[in-house]
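Okay, here we've got a single chain as structure tokens, the form predicted on its own, with questions on binding and movement later.
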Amino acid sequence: MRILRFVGRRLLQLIPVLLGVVVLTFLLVRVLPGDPIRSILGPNATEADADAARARFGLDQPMWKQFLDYLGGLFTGDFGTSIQSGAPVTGEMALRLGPTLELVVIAVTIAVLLAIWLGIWSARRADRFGDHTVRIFALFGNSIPEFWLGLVLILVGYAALGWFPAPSGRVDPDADLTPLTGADLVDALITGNGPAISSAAAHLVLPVLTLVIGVLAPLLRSVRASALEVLRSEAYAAAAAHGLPERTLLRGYLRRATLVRLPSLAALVFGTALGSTVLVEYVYSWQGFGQWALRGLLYRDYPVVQASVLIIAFAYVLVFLIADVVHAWLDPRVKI
């Protein structure tokens, strides 16, 4: 019951946060240089054509009226109409968000599990060869650009070895996949389409691996540092001195105490990955949320930029809410 009250309070706090994001985004995108109408009409368009386009998208109205119209549309789930494509932003976003969420959720889940295992394993072998190897890998993951790593993995995994499909989409066209959620692997599993399952899984390997290597590094360093702190604590030394079994020490003391810091960092990494997958999506022709948002920014597509920023802000708040609940479950000292 206490957790439900905490979740309710945090959801109420979500309203002013998102309202602030809406206001700031609405104002900031209009400060950017460039005219979105001229960017889609081209240099040869007449002023009459530009005025007609502005009237069509409501850009000829005063800014306060544009904001009220936009805010009213949000309450009905209408994010507006894309200036670039002329299609509803809600429909475009629904098609693009699923593939990116699938990519990020799988990558972050794998990275968290690997970070827990490798971080604790490394801490228990501090200053030995295995520990140094893990630390070098974490440094490598922190330093390497994701777009360069993606190109290297394509060169090795596709061009040289031929183990993975070409980076030209998310599933083979002949897989006859029925789109439901936009996440191709999920759609294939729901419909029981065997060829689509294998195709979507094969297309996921390289982009997921690219994201995992980048996401794993900060998580791994955090878990290792927390595990070392627990191993050197008086409480752990006292438990070991009392002759507790190794399995009890690992599960009851080391692992649970080590994971206390992980939820907040994992939430931060998830939000960052959701907003920064654009380079990975471009390298692998993923056609996801990041590509869509960047294209909207380049073309000054106000509704697309506003919707993408709002979704990322909502994702941040939601994952941090989940992280706080998990943190309180792991650490009974935390009061919520």
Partner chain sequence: MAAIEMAPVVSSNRDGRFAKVLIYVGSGILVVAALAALLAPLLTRWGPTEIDPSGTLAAPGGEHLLGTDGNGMDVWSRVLHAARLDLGIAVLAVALAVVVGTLLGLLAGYLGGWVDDVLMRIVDIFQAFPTFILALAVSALLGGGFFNLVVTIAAVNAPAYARLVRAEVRTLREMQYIDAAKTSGASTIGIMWRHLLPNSLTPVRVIAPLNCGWAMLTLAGLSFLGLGVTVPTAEWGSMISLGTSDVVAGRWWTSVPPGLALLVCVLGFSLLGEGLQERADAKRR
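None of the values given here were measured: they were computed from a predicted structure. Positions refer to the first chain, counted from 1.
The following text describes the form predicted in complex with its partner chain, which does not appear among the structures shown.
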TODO: Please run the contact check for L231 against its partner chain in the model of the complex: heavy atoms, 4.5 angstroms, yes or no?
DONE: yes
- [ ] Please check if I190 has a heavy atom lying within 4.5 Å of any heavy atom of its partner chain in the model of the complex.
- [x] no
Open item on the list: At 4.5 Å between heavy atoms, is L24 in contact with its partner chain in the model of the complex?
Closed with: yes
TODO: Report yes if any heavy atom of V278 sits within 4.5 Å of a heavy atom of its partner chain in the model of the complex; otherwise report no.
DONE: yes
Task: Proximity to its partner chain in the model of the complex (heavy atom, within 4.5 Å), stretch among 113-121, 223-231, 100-108, 192-200 - done: 223-231
Open item on the list: So its partner chain isn't shown here. In the model of the complex, which residue out of L71, L209, L151, V186 has a non-hydrogen atom within 4.5 Å of it?
Closed with: L151
